[in-house]
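Only one chain comes next, encoded as structure tokens, the form predicted on its own.
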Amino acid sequence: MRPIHSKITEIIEESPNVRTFFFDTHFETAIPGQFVMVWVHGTDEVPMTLSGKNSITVQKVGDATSRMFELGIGDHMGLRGPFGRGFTPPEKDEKVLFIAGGVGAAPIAPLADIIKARGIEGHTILGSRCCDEILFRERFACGRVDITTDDGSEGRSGFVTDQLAETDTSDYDRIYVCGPEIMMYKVFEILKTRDVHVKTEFSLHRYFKCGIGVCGACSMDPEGLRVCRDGPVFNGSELEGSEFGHYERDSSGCKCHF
């Protein structure tokens, strides 16, 4: 699939280091949790999960994302996709819990839009480092929202796991999780002790090269699950006994432990 030459139509500064880019290209058939490969001209091609049908939400962390932050309305990027396995949307009568940390709120926010449109009430645990970095609180306003901040500047002082420890998860039909992997693994451990990890879906990040499951750069030990093709969304049962929460691999294939 060749990249679609896509024009930036709007940029929203969500926080000092996070921006949402809107394009004139719409991915109407995209499922929440799927991603696109973003070609930043002259720099790199990187995977970005869609935060809307025509938007990506970007944290400034490396060369490609730094170059994105230099672009303005009217500039272009190349987009190809959507790729991968997304989240399983809830049914109308199901109870939903969202657990998001930092920019991990971006892949889950389209699910919140869906349940709001379907009249489903959702409960969200939304974490960030400080109050200035809380993302998409208005999109998660589809029910109760518990906010946690590392520095205590808003909501509960601490982590999403602190709030989760006091949350009864037995009544929820579906749980969706995205955030830093070490956070997700702590969430996974809590949910596994309660035997509810099997009704939980996690959105993972790995180093991608091709984005279509051919090169194997994002394969996970020990089963060889390809995050770009078999994921990036996985059921908790698929992650048991895997490298999840322990290490990932860099561009050369070397293990990088968390």
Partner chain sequence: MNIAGIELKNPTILASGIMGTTGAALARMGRNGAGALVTKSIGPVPKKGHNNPSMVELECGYINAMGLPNPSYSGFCEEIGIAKSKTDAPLIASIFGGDSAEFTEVARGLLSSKPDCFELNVSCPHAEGYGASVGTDPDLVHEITASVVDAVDVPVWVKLTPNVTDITSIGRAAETAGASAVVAINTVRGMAIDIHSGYPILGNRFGGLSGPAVKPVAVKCVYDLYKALDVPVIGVGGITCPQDAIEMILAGASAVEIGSAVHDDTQIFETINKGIDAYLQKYGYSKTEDIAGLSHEMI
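Numbering follows the first chain given and starts at 1. Computed from a prediction, not measured in an experiment: that's the story for all the values here.
Not pictured, yet referred to below: the form predicted in complex with its partner chain.
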- Query: Counting only heavy atoms and a 4.5 Å cutoff, which of 186-194, 203-211, 25-33, 49-57 contacts its partner chain in the predicted bound form?
  - Reply: 203-211
- Query: Looking at the partner-bound form in the predicted bound form, is residue 37 within 4.5 Å of its partner chain by any heavy atom?
  - Reply: yes
- Message: Whether residue 256 contacts its partner chain in the predicted bound form should be assessed with a 4.5 Å heavy atom distance threshold; does it?
- Response: no
- Is residue 215 a contact residue for its partner chain in the predicted bound form, using a 4.5 Å heavy atom cut-off? yes
- Is there a non-hydrogen atom of residue 5 within 4.5 angstroms of a non-hydrogen atom of its partner chain in the predicted bound form? yes
- Item | Heavy atom within 4.5 Å of its partner chain in the predicted bound form - qualifying residues of 68-86 | 80
